[in-house]
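This document opens with one chain alone, in structure tokens, the form predicted on its own.
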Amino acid sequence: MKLMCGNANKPLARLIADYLDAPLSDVEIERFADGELFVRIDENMRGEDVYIIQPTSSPANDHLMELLICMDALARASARRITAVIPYFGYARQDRKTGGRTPITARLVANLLAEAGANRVLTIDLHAGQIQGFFDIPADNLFASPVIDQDIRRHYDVGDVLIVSPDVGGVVRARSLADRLGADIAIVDKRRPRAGASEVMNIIGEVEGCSCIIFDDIIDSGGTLCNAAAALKEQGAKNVSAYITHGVLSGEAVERVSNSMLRELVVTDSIDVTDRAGAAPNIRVLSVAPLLGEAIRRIANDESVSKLFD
């Protein structure tokens, strides 16, 4: 196999390469004066099974274009199979029409990936599972829950833990982790008075005296998470932490989390963590490189990927 990456998350790509004991291929990514991207692959790719590691995180459009152009270069270099390893699949929140004359951008991105030459897609914790159906090529959606399960067992008394879904839509995700831990769940009932804002209405479940762990796939501005943490503390939670797969952390999110009721926020390195987030006292990073590396190894060897979650 051959491994390569764009500029979106080189630290994660290096960790995956270390896990697989395989070097990252040499790729030159340059910009013309007007901002256009240019890609040159400095190794022979003819007949190779290539895995390109590139989350489409901020700036999403630049990183998506890098990925598409790299795959086009690989296809024209006669690579035998191209797998787009996208730890964070950007545009996944636009998975349905939310009103008249609005796009389904997640489907558009799925089509672009296939047209650019991808034979397979590998990602982690899609915002909505049905996005897998947007692809006309094989798409493996991994779950970060086994990695998070192990970390919770190392840092918490599992008998005291309560898993909390930050909204009704995340109940299936929260239940999956709770079942692994043998814990109960609670649900935050919230409403959105306007886009980008949320208001906690009720807490469904008994949280008093529990170590509450909020589990979700994405933290963006952090408002929903911090409001939920405050509501849980008001209901008598002993402490509140959060495990989030994709730490988008846009705008003032880091400051908001640092000043919140959260004991700690744990995010994975599916998105390269900024220096500001890395320096925050209550933000910790958990690596999914072994999970992705093992999935890549299994795909390369035509082994089952789903066995990772049995």
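Numbering starts at 1 and follows the sequence shown. No experiment lies behind these values; they were computed from the predicted model shown.
The same protein also exists as the form predicted together with a small molecule; that form is not shown, yet it is the one meant from here on.
Go through 178-186, 116-124, 152-160, 210-218 and give me the stretch that gets within 4.5 Å of the small molecule in the predicted bound form, heavy atoms only. That would be stretch 210-218.
Contact between residue 145 and the small molecule in the predicted bound form at 4.5 Å, heavy atoms? Although the small molecule is absent here, residue 145 would stay clear of it in the predicted bound form, with no heavy atoms inside 4.5 Å.
Considering non-hydrogen atoms and a 4.5 Å limit, does the small molecule approach residue 83 in the predicted bound form? Residue 83: no contact with the small molecule in the predicted bound form.
Could you confirm whether residue 90 comes within 4.5 Å of the small molecule in the predicted bound form, counting heavy atoms only? Close contact is absent here: in the predicted bound form, residue 90 is far from the small molecule, nothing within 4.5 Å, heavy atoms only.
Check residue 140 for me: does it contact the small molecule in the predicted bound form (non-hydrogen atoms, 4.5 angstroms)? Answer no; every heavy atom of residue 140 is more than 4.5 Å from the small molecule in the predicted bound form.
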